[in-house]
Structures are given as structure tokens and as C-alpha cells.
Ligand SMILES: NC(=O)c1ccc[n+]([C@@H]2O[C@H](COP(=O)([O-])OP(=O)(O)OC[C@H]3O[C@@H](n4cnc5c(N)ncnc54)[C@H](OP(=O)(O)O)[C@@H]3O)[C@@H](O)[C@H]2O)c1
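Consider the single chain below, provided in C-alpha cells and representing the form predicted on its own.
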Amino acid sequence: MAFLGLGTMGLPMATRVAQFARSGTRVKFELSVWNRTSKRAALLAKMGVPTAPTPRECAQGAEFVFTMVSDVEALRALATGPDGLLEGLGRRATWIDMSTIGRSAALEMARLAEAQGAKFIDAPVSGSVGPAERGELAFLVGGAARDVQRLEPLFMAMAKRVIHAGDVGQGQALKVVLNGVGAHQVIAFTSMLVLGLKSGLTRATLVDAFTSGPFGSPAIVGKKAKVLAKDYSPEISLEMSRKDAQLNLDLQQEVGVDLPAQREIHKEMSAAVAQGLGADDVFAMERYYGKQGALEKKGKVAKT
């Protein structure tokens, strides 16, 4: 088995796979990994997991090849070229991509895999760093039912649930739609937090109400301590969320649906990224709305 991409999400996921391989399970496999910068593989090296020098060498001989990167550009970079994954992908191997790249990109990767005589499964994950470390992700999978069932023991080393969404590409469609729901929640939470604070309500009161009432989703509740502490260190960065919002707009165009609210969310996230908040957690939208309110107030004063 090969695992390529040891970023913020990939490293804890690959670590769980390595632990699974050493757990005495009846599912026997050897794991090798690759990452653009070798430093990220140091923890796995201590566990005895070899690091391949190129994606091609990592994929060679592997029955299952997992990839987890930030976007489709990063995926194309590791997949193509003389040292790319596709050059090492064997006939009858299965390439499982867990990145969030959108449906059209998944279908593009599937065609590249099929040209090599291999299979492609799109399996983006729902969850952030904490669930990845605890093995509590959800896999949203597109592919033939038989292939998905065969992969389930490996998925369950990293997750608590596998949702089979349909044929190849439908895992990505489900992830994009699900992220759209999450984006609405983030915008609602952060903008109403700013409004509440400006109205004289305390941060503790607002966060308590938001997380204990009928709108307290697990994603919101899980951020409670960080929001109270004004800790915007990234679990899922604002830049990544902006990218996901763009994928939602792309899917809308593919299927002929126009959702203005989602367009506005993308616009707001893009503006926040332009203000230098892209590397912060997505909940840093609070800082964006707080700053916007101050700017608007200043503008009104200047006009009078």
C-alpha cells in the first residue's frame, strides 16, 4: 500500500494506517509513503515506514494507492510527469484519492487511471485534524460497490463511517454539497457572533447559546473552546474553505443550478483571504466581520 501526501490531514491519517498495519489485523499489507517535503515523514520513519523518493516509486507494486493533498493542482503535480504516481501505478491497482477536488476533477483522474489499466475511487473525507487523529472521519465514496466494500477495512482504520455515494465522482459531489452546508454554518456563526458582541452581549454568553441550543451542530460545538479563547490556529484554513466554496460554484454550473447565497459566501471568504486571513482557521471570518463593521462605521463618520 502507498500513501502520498502527509499534510495537515494526511499525516494523522497515514499514521493511523501505519498503526493499523502493525496491529495484528488479518488484513496484511506493507506501507510506504511519499511527501513533497521529507520532513513530514519523520514520525512515520520512526515507526519503520519507508519513505519513497518519488511518487512513481511509492506507487510501484502497491495494490492500493492513497492520495491526500490540498487541491487538484497538487494532485496533478504528484500524479503526472516522468516521476508521477501514474508512471508507477500498476495494472489492476486501485488509486483512492481522499482530497477535495470536485467531481469534474475526479472524473479526469479516473480517466488517467483507466488509461493505465487501474481503477480510481474518489473518497474525500468529512472532518478536520482532531477527528483525523482520533480516527473519527467520515469517508464519502464514489466507485463500484464491490470496490468500496473491499476497501472498507482500510477506510475504517481512519474513520468511523463510510458513506457510499454512488459511482466515481459522486463522493466528490457529496463532499462539495456537505461543505456548502458547513460554509453556511460558519458564516452564520461568525457574523452573528460579531453582531451579538456589538450589541453588548458577552462572548461567553453568545458561544454558550450557539453551542447548546438547537443550532449547535458538532462542527460548531467542537470549536467552542477555540472560539472562546480567540484561537484561530488552523484546523481547516480559511483559504481551503474558500477553495471549497469555489468547488460548490463549479458544481452548480455543472448541473445547472444557481444559488446566490453560496456565491455571496465565496465572495465574503475571498475578501477575508485578501485581507491576509487565509492561513487562519475558517472561524477567523469573525475577525473579517469585526473589521468590516469598524471600516463601515469609520466610512459613515467620514461622510458626515
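Note that this is a predicted model, so its numbers are computed, not measured. Residue numbers here begin at 1 and follow the sequence given.
Only in words, not in the display: the form predicted together with this ligand, which the text now covers.
For residue 88, no non-hydrogen atom is located within 4.5 Å of this ligand in the predicted bound form, even though that partner is not displayed.
Contact annotation for residue 243: at least one heavy atom lies within 4.5 Å of this ligand in the predicted bound form. Contact check for residue 272: no non-hydrogen atom falls within 4.5 Å of this ligand in the predicted bound form. This ligand in the predicted bound form comes within 4.5 Å of a heavy atom belonging to residue 128. Note on the partner interface in the predicted bound form: the residue among 74, 151, 220, 194 having a heavy atom within 4.5 angstroms of this ligand is 74. The stretch among 93 to 101, 200 to 208, 184 to 192, 156 to 164 whose residues place heavy atoms within 4.5 Å of this ligand in the predicted bound form is 93 to 101. Contacts of stretch 163 to 188 with this ligand in the predicted bound form, defined by any heavy atom lying within 4.5 Å, are made by 175 alone.
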